[in-house]
Each structure stands twice: as C-alpha cells, then as structure tokens.
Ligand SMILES: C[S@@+](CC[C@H](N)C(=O)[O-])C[C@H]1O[C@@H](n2cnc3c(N)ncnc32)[C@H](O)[C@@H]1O
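Shown next as structure tokens: one chain only, the form predicted on its own.
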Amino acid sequence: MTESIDWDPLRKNAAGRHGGSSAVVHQDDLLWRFIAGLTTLFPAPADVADYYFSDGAKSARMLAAAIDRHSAGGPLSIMEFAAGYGMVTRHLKRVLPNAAITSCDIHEAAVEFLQTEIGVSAVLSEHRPEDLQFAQQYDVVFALSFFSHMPESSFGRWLGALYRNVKPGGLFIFTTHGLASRPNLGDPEIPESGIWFKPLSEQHDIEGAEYGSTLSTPEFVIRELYANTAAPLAEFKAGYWWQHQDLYLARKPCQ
C-alpha cells in the first residue's frame, strides 16, 4: 500500500458501516500494517479498511457471546490484555455497553492511544509475567492471540499471571494457534512437548525469544493451564477464532 492513499474517508466509511466506532488508526498499528500488506486478499484500499473494522467488530461480538454463555449478566469489569492499538477495543464499548473495560499493552504509545482516542482505561504491561500487577481483579480477563506468540519458557507463567487477576467466579478467556493454524505457519513439525516456537514475529521492537510465533496443541495448553492455575476448563473450541485459532475459557472457582 502506498503512502499517497487518502485513508481517512475509507476508514470513516468502514467505521460507519461496522458500528460507528472511532475511525482513527494509529500510524504504528501493526495489525493495520499487516492487513494492508496482504494485497492478494485485499487488493483495494477500501478492502483493507473494511476488513480492519469488520473483523474488529466481529471479534468483539465473539467475546460478548463467549461471556454470555458463561455469565449471569449484569455489569462486568473486563481486562483486555495485549490490546495493541485498539482494533477490537474500539468496538467493545458498543458490544458490551454495561462493561467497565480496561485495556493493556506493552507499548506506551498504544496505551496513550487507547486512552485518548478509543476512550477506555488503559495500563502498561510488563515484559516478565512475574512483574505484571494490576490495581484490581476483573470479572473477565481476555487475551486474543497473545499466546500465539509466547515461547514455552513463559507460556505457563503468563497463564498464571493473567489468571491471578481474575476475580473469584470470573472468566479467563484466551486463544492460541492450534492445529488448524499449522498451514498458516508453514506446516511445522510439532515437538513431543506439544509446542512449536519460532523467534520471529511482526513485533520487530520486541526480542524474538520473548515474542515470536507459536503453535500449541490442546494437550499442551490444558496441561499448562492446570499446572499454573488449577482452573477447570469451562469451554474449548478448536479452530474457532478466524477459523484457525483455538478458544479456551476457564472459570475461576468462587472462594
């Protein structure tokens, strides 16, 4: 995509068609750049804008549906972890109007953008899971495609860190690259451990050993989830998100 394209009207039109969220996209939004680079799938600039806003809205609806399947309703506090520059966040207030949403990301510019442009509470993440500490626990902690980038050395530790921030009786919802993702990653051979990792991703400002490309089997994920949280798995859907990422939902027992 060339820099000469006037994106503003295309983004405004797409945002209007898909819920009327903010049409502003940050210049460092890696998801926007990734979609714009898929010229075979999205040959026209309008296609890029439409997919960015339609897919963000769809993910927000999928999260709301997952919560509805396991929640009695009422006001909720939600932590959206690894939110990036708000591709999904900008739709959450509309889809979940009774929820108090806090978003979190490792990039200071993303946190500022989420606060000032998207209009949600946002906090800065940490590079080490042991350093992550929020000011409160949440009814729902949601991590979309975060564990599709974690190496084996930190995968379970991040599961434990995020789960610690779920209220008793609350939900921990996350996705991974599962077996259906294998063709998208070059059809790698999965080690006996159940996790394959390559230290390379679109996040060029984070070391590959910390944030790369991960494929994990359900057996590996469920084993790590239980080892680090002892949480009962309430729902699993293989290849559910984007027709290839696995969905996991765990409920924290009431104390």
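This structure is a prediction, so every number in the text was calculated from the model and none was measured. All residue numbers refer to positions in the sequence shown, first residue = 1.
Not pictured, yet referred to below: the form predicted in complex with the named molecule.
Trainee: F81, M87 and S145 - do all three of these have some heavy atom no more than 4.5 Å from the named molecule in the model of the complex?
Mentor: Affirmative, all three are within 4.5 Å.
Trainee: Quick one: does L31 come within 4.5 Å of the named molecule in the model of the complex, counting heavy atoms only?
Mentor: Yes, L31 sits close enough to the named molecule in the model of the complex that at least one of its heavy atoms falls within 4.5 Å.
Trainee: So in the model of the complex, is the named molecule close enough to Y211 to count as touching (4.5 Å, heavy atoms)?
Mentor: Residue-level check for Y211: yes, a contact with the named molecule.
Trainee: Residue-level contact is defined here as any heavy atom of the residue lying within 4.5 Å of the named molecule in the model of the complex; does F236 satisfy this criterion?
Mentor: Contact check for F236: no, nothing within 4.5 Å of the named molecule in the model of the complex.
Trainee: For W158, is any heavy atom within 4.5 Å of the named molecule in the model of the complex, or not?
Mentor: Result yes; W158 sits at the interface with the named molecule in the model of the complex.
Trainee: Where, among 165-173, 103-111, 178-186, 69-77, do residues come within 4.5 Å of the named molecule in the model of the complex by heavy atom distance?
Mentor: The contacting stretch is 103-111.
Trainee: Have a look at N228, T217, S54, Q203 for me and say which one sits with a heavy atom within 4.5 Å of the named molecule in the model of the complex.
Mentor: The residue from N228, T217, S54, Q203 that makes the contact is Q203.
Trainee: Given a 4.5 Å distance limit between heavy atoms, list every residue of 119-152 close to the named molecule in the model of the complex, or none if there are none.
Mentor: Counting only heavy atoms within 4.5 Å of the named molecule in the model of the complex, the contacting residues of 119-152 are S125, E126, H127, L144, S145, F146, H149.
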